[in-house]
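Single chain ahead, by itself, as C-alpha cells, in the form predicted alone.
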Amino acid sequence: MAYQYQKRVPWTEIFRPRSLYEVIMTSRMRNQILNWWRAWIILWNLFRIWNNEERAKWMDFLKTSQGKEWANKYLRKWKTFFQQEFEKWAGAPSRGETPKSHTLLFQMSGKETSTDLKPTALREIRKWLDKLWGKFLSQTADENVPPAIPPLSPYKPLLLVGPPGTGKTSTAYALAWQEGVMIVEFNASDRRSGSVVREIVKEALKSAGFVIGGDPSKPPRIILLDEVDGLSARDDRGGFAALMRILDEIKLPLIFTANVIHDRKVRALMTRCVTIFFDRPQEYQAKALIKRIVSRMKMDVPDRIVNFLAKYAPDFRTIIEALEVYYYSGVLPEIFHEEMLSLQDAIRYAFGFKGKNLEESISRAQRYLGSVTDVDPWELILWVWENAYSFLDHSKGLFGFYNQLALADYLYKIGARNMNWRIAYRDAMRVLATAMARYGRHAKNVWELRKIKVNKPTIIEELYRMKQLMEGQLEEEGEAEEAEEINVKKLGLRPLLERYARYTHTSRKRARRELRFLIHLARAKPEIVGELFAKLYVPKETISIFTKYAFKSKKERSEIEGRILNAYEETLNKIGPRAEFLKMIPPISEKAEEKKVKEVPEEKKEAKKKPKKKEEEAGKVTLDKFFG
C-alpha cells in the first residue's frame, strides 16, 4: 500500500479568529472597529438610495450649462460639508462609544448594538439625507437649485497600526468572515506601483460590483492593503501618492495595516483614517490565548511554561508557534522578546520607562538599546541627539544630558581609534544609557510615548538622499511619473560630481560638499553654472536632477533650469562637442600582444624584420598624420 502524505495545517491557521469576538483585544478597540463598519453600512445604503433615486436626475442636470456652473461652484463644498456632517452623525468616535444614530438604525443583540439594520432604517437614512441637503441649500442661498442631490463623499478608511504578529491582518479577516463579505488583499509581496494602484486598486475601490447572495444592505467586499509602510521606493514608485489621491473616490470600505507608527506614510494616513493601535500582548491576554489552545488541543503544559510565554513572548503569533513546537517535540523554542523592538521604540522606552531606582532605570535603558542589533553606537548616538529634546525632563537641565551624550561619543571614538571595539561599545553604551535614564521624562504608558515622533537624524537623511541622487533615484513620490520619462538609472549626480572633482583637482567627496556652493551660484547666476556644466560636458538629464535636488519650488526650479540650459546650449555651440582622441588611435589586438611575447629564433627574427619595416612605417601614427 502506497504511503499517503498528509499535509499538516499550521496552528496559526487553525487558531485564526473567525469573528471579532475571537480576536484578543480590548472592548474599546472592538467597539471602535464595529462603529467604523456600521458607519460604512450606513454610507453604503446612502449610496444605494442616491443611485436609485438621485443619480439619473443629477446626470441630466449636469449636462446643462446651469448644472456645470453649479458643479464648478458648489460641488466641492457639498462633498466637504457631507463628510463633516456624516462624521458627526454616524462616525466612529475615538473613545469607542456607540453613536446615537447607530442605536437608531441598527437592531440590538442582547445589550449590544448589532450590524443588522432595522426595518425602518432606510426611511430614517433618507430623512437625514433630505434634512442635510436642505441645510446645505440654506447656506448657499443660490437661486439655481439642482433638481437632485449631488454625489456623496466616502467615509474614512480603517488603519490598524502595531508590531508584527499582534493580530492586525487577522482582525480584518475576522470582521469579513463575521459579516459574510469578501475581502480582497494587496500585501507587501505584491507590486503596488502608481500604475497598479490606479488600474487595479482604484477599480476595486470604486466599483460596487454584483452582490451574489449575502446581505444587499452591507458592502459586498472589504479592500485590505497590508503593510502599507512596506511600500518600496523602487518597486512601488508612486503607489502611495496614487493611493492618497483616490481616497476621496472610494465606494467600498478600505483597511490599511502598518507595523511602524513613525513611518511618514503611516503618519500621513493617520490624518485621513480611523486609527486603532495594537500593542504587544499583556500577560492576561497571553494567558487567555494559551488557555484556549491548551483546552482545544488537550495539552498538558506546566505552569512555568505558561508564565514564561505570558511574560516574554513578544506577540500572539510567537505564542501559537511556540506551543505548536512544544506539542510535537516536547521542547519549548527560544523566545527573544526585546529583539522585536524597532530603533524608534528602543529610544522611546529607554527615555520613558523607569525602574525603582536609578541603577534599575539604567539597566532597563541598556536592555532596550541593546535589543537593536543592526545599529552601531555612533549611529545610535546620532538618533538620540536628534530626538532627545522631545523626551527630556527640562526641569533637570539640558546641559547635563548633552554633556553626557558628548562624553559617550568621545569614548566610542577613542575606543574605535585604538581598535578596542569591546571597550568602546561597553563604555559608550553605559554612559548613553545613564544619560537617558537620568534625564528622560517619565512616561505613564506606552501610548504617551508613541505619540512622540522619532525622526531620522538629519545627516543620515542627507546621506541617504545623496545616495539616491547618485544612483539616479528621485525621492519625491509626486514626481515619480516625471522621473520615468528620464533615463536616470545610470546617471544621477555621479557625472556632475566626477567631472567637477576632476576639473577642480579635488576628491568626489569634496565635490559633494561643494554642491551647496553650486546651488547658491545657480540661484544667483544661473548662466555661469550653465557655462560650467557645458565645459564639464555634464549630460542634460543630470542637470535636471541637480535642479530637482536643489530647488523645491517648481516655479523657481523651472525658471533657473531654463536659464541654465540656455547658457549650456550657447556654450556648447561655441566650444563644440567633446573630443574623443582615443577613437583615432587603432586598438592593439590580443593576438598582436601574444606575438610580441612569444619567443622566436634569432635567424627568423632578422628575416622577418626587413620585409615588414616599410609596412610598419606606413601604419605608424605620426604627429603630422594626427593633426591632418
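What you see is a predicted model; the values in this text were computed from it and never measured. Just count from 1 along the sequence shown to find any residue number.
Just so it is clear, the following notes concern the form predicted together with a small molecule, a form of the same protein that is not shown.
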Could you tell me which one of Pro220, Gly352, Gly165, Pro495 places a heavy atom within 4.5 Å of the small molecule in the model of the complex?
Gly165
Find the only residue in Lys413, Arg292, Lys118, Arg426 having a heavy atom within 4.5 Å of the small molecule in the model of the complex.
Arg292
Using 4.5 Å between non-hydrogen atoms, is Tyr549 touching the small molecule in the model of the complex?
no
Heavy atoms within 4.5 Å of the small molecule in the model of the complex: does Tyr439 have any?
no
Please run the contact check for Ser170 against the small molecule in the model of the complex: heavy atoms, 4.5 angstroms, yes or no?
yes
Do Arg317 and the small molecule share at least one heavy atom pair within 4.5 Å in the model of the complex?
yes
Candidate stretches 429 to 437, 284 to 292, 394 to 402, 269 to 277 - the one whose heavy atoms come within 4.5 Å of the small molecule in the model of the complex:
284 to 292
